[in-house]
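Taking the form predicted on its own, here's one chain by itself in structure tokens.
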Amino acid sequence: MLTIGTLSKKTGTKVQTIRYYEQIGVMNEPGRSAGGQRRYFEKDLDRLAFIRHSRQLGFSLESIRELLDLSDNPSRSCADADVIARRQLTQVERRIKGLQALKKELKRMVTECEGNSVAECKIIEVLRDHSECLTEHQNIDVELA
């Protein structure tokens, strides 16, 4: 049996995140020791690794929930997993397109900045007035944080 700390170290997932996954139901509520410590099995480690890898690939928690449901029912058709993965691919392609537009605009701003005073700074000018932008990027859903 594994402690939450061991599970955290083996998967690179913060303890608080593991608890959160339990609260929202993507991780099963673990058994407890006589002292009340959470105790996990290898299947819990596998499930958390699945969740973590899915998050690294950008899947939403709702999509992960759907994929876990499929994984828990191996006799179901793989077509459902394909739909979820294709939906994620479409979102990633959209983000890449948005990032390319942002890159183009940022490069242009930097290139056009002559390094004089702030009063003549192209970067400040463009950031102040969106109409100075040459690319369409205001409606692009790109999370960078």
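From 1 onward, residues are counted along the sequence shown. Computed from a prediction, not measured in an experiment: that's the story for all the values here.
Keep in mind that the form predicted in complex with the DNA is missing from the display, and what follows is about it.
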Which of 60-68, 41-49, 87-95, 103-111 lies within 4.5 Å of the DNA in the predicted complex, heavy atoms considered? The stretch 60-68
Indicate whether Q37 is a 4.5 Å heavy atom neighbour of the DNA in the predicted complex.
yes
| query | Does the DNA come within 4.5 Å of any heavy atom of H53 in the predicted complex? | reply | no
Checked 11-39 against the DNA in the predicted complex; residues with a heavy atom within 4.5 Å, sequence order, are K14, V15, Q16, T17, R19, Y20, Y21, R32, S33, A34, G35, G36, Q37, R38, R39
